[in-house]
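Presented as structure tokens, the chain that follows is alone, the form predicted on its own.
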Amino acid sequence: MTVPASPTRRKRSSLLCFRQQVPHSASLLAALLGAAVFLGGWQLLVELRVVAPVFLPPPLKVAQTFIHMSVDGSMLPNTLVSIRRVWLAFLISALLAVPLGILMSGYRIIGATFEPMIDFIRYLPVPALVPLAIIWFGVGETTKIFLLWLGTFFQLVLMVAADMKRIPNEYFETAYTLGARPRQTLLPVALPAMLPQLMDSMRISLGWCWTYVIIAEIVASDSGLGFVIWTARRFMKTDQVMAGVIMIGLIGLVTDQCLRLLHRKLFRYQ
């Protein structure tokens, strides 16, 4: 005779079931546990002298530096400058990439025209194009925005085109049955159908844009988190370098969670 599993045992085992939903409290506890393990391992490396403190300062030292830089005014103004640059470049990328991606997927001749060139450019390393950017735009703000745009636009175009391709053909056939023409299906049919996936694609590409902020802000810059990190690196102030990196990570984490929450609010049906 088989003894049924207790409710507590079933609850515990369900946390490891494939694609099983877990309570919010369990997710939060797992996140805190992961952070604790990471910080504990970091501290252990320092205590055992596996890595010299000059190269890897302890977590408490980095936290103190982060708080000090936040209080003395050296962190917040540069953070705001980087946020402005990233969002400006990202919005320009999105305004250009969304319509182009939709057209490339909706009209095959447009896709055949642009996709090979976009595939070629998106594989080019952005740091290798810094000299060209300086030659074209000088060392001002335009160069920084251009480099951030360059690292985002071409990836986002292809993601938007892929989101468009995932729309079932039945949606368009239904619109044609009701008398719509092909051009009339783009805004009322295609855009609402792809919007949940499109928002996810834009959230991911925004993260990519932040990964290029260091490259963009070391080009004759006197502000921004990239400038803070690069200046601290020059004087071997590893704790300040890590404080700047942590600030970028915190901005990304908060932004990503806010966009995830907005996605759940807007698309509850999913």
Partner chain sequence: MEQLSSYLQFHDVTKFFGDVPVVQQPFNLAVPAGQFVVFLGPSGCGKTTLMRMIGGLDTPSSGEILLQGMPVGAPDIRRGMVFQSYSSFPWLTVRKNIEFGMRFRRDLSAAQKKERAEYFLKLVGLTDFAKSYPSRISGGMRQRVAIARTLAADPDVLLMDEPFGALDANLREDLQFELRKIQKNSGKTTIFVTHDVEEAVFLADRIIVFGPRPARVIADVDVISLIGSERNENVRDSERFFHLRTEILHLLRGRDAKKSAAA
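Positions refer to the first chain, counted from 1. Small disclaimer: the values here were computed from a predicted structure and weren't measured.
Note that the form predicted in complex with the partner chain isn't included here; everything after this is about it.
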Stretch in contact in the model of the complex with the partner chain, which is absent here, among 106-114, 171-179, 84-92, 131-139 (heavy atoms within 4.5 Å): 171-179
Only one of 188, 73, 99, 125 comes within 4.5 Å of the partner chain in the model of the complex by heavy atoms, so just point that one out. 188
Though the partner chain is not shown, can you say which of 193, 145, 199, 159 has a heavy atom within 4.5 Å of it in the model of the complex? 193
